[in-house]
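Given as structure tokens, the chain that follows is alone and in the form predicted on its own.
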Amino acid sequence: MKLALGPLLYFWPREQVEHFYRKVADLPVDVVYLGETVCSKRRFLTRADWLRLAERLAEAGKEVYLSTLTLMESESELRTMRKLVGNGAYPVEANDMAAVSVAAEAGVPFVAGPHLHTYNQETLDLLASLGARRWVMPLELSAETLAQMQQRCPAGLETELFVYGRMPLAFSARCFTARNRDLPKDDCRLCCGDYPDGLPLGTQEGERFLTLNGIQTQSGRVCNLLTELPRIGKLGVDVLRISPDSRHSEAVIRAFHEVMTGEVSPEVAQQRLDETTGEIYCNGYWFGEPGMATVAGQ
């Protein structure tokens, strides 16, 4: 199995982004996804900046993909996506069927992102016929569903699984982070930049329920499948995806790497991670339960 670092979902200052990926170059990840997938107004880094980061990471031996927006609402966003797909140097992660169409027409290899509603073998066949080299399982599917889909997965199509991070659950035309500040979306003042790991949304009982990240709604708890790695390996998963955060990405990457290489057991790695992050984890979708549930391994 390979270890992948998914696209950065939050809005960080340019200097923080560049510092983060300088560290990533030396971390034990095989695949890195780069680019803005949430909101086109986040422009601290230009397309040229992302390409420069891609070149640096590729020189460090990483397999680099450029990720497209998930929700495109204007012609300008479509033009940006077309330029990204046609960058001429790197394959892309297509997070919208428009990007799939453009990549297929251009003959550009792509990864079918987790938001394409890939729920059955017929969709896998279609994506593979259009040029997909890998698909990322939608976050709400279970291990049982994955096992069924793996039985008929097209030859040569790799499978990637989201194994750690706050799960991106939904996208909206409305920016809820701006709404929290009583700001309109057109004059949001890029307030999502004030929340480097999203804005927590709790219940009246004080339980963390969701996380607001601009137009994206994420899970409140962090999805964590570290202790499920032995089962994941038996299902023939090719790539494990970790979603970046501002505090613990290095520790999380090293924990998964140590289990994958057999240096420590999943239980020991999880205990160390608990001591480092202090996060409340969830894994319900993997077991066919509500996503925010925490289910003991089976």
Partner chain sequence: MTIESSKRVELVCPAGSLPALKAAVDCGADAVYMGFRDATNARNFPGLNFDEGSAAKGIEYAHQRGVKVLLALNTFPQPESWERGTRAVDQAAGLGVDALIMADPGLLRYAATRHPELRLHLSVQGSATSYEAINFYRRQFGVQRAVLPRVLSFSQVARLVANTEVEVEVFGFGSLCVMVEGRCALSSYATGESPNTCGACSPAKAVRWEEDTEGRRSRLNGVLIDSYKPGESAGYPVLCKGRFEVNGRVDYAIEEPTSLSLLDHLPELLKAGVKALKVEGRQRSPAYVRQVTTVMRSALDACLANPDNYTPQAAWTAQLDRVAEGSTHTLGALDRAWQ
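Numbering follows the first chain given and starts at 1. The structure presented is a predicted model; accordingly, all values stated were derived computationally and were not measured.
Keep in mind that the form predicted together with its partner chain is not shown, yet the notes after this line are about it.
Only one of 224-232, 135-143, 155-163, 85-93 places residue heavy atoms within 4.5 angstroms of its partner chain in the predicted complex, namely 135-143. Using a 4.5 angstroms threshold between heavy atoms, Cys175 counts as touching its partner chain in the predicted complex.
Interface membership of Ser249, defined by any non-hydrogen atom within 4.5 Å of its partner chain in the predicted complex, is ruled out. In the predicted complex, Gly278 stays away from its partner chain, with no heavy atom inside 4.5 Å. For Gly107, no non-hydrogen atom is located within 4.5 Å of its partner chain in the predicted complex, even though that partner is not displayed.
Annotation: in the predicted complex, residues Leu9, Asp238 and Ala296 none come within 4.5 Å of its partner chain through any heavy atom. Applying a 4.5 Å heavy atom cutoff to its partner chain in the predicted complex picks out Asn95, Asp96, Met97, Ala98, Val100, Ser101, Val102, Glu105, His115, His117, Tyr119, Asn120, Gln121, Glu122, Thr123, Asp125 from 86-125, in order along the sequence.
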